[in-house]
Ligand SMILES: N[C@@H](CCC(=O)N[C@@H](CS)C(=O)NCC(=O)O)C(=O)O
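Okay, here we've got a single chain as structure tokens, the form predicted on its own, with questions on binding and movement later.
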């Protein structure tokens, strides 16, 4: 989304994870997606790092908070909490067969209590996580919230998450999101 939002020209290669091309694994031994190779040949293998690289090139939509601002503190906090607390719960909830020590129900409830309900409260008086415009915080965490919701959409929708659902729908209905979510053929060498 950041690449599209900032109109940074790039070649997109869709990778079939069950049949990764050799060129891909040579360039990125970690072999996870996404991967960005900059014009200077630097390999960037994390979504947030890719977004930061893009926004340091251009931030015409003002997704980055001002350096030293309260919004910067909140942005870092939300993203960190997503990455360190919510993402593990998402994995456990989404793939219960891999994590037999906790029930799917326990994982859902813990995610609800520790992450989703605090976001719901945050969104009571604003459209997006840091205010009334889309920012880095929203774009960085919404894919994880979307994945979580899609595990059991009915259950997600039944848990008093009206503002969070609206926030998610706001992002999913943007022209920007719909421009990037097109089906591509898998890249082969």
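Numbering follows the first chain given and starts at 1. Remember, it's a predicted structure, so these values are computed and weren't measured experimentally.
Although it is not shown, the form predicted in complex with this ligand is what the next lines describe.
For this ligand in the predicted bound form, the listed stretch (39 to 47, 57 to 65, 130 to 138, 155 to 163) containing residues with heavy atoms inside 4.5 Å is 39 to 47. Only one of 87, 102, 76, 114 comes within 4.5 Å of this ligand in the predicted bound form through a heavy atom, and that residue is 87.
For the candidate set 151, 33, 27, 52, a heavy atom within 4.5 Å of this ligand in the predicted bound form is found for exactly one residue, namely 33. Contact here is defined as any heavy atom lying within 4.5 Å of this ligand in the predicted bound form, and by that definition not a single one of 80, 81 and 177 is a contact residue. In the predicted bound form, residue 13 stays away from this ligand, with no heavy atom inside 4.5 Å.
When contacts are judged by a 4.5 Å heavy atom cut-off, residue 144 counts as touching this ligand in the predicted bound form. With a 4.5 Å cutoff on heavy atoms, residue 181 does not count as touching this ligand in the predicted bound form; it lies far away.
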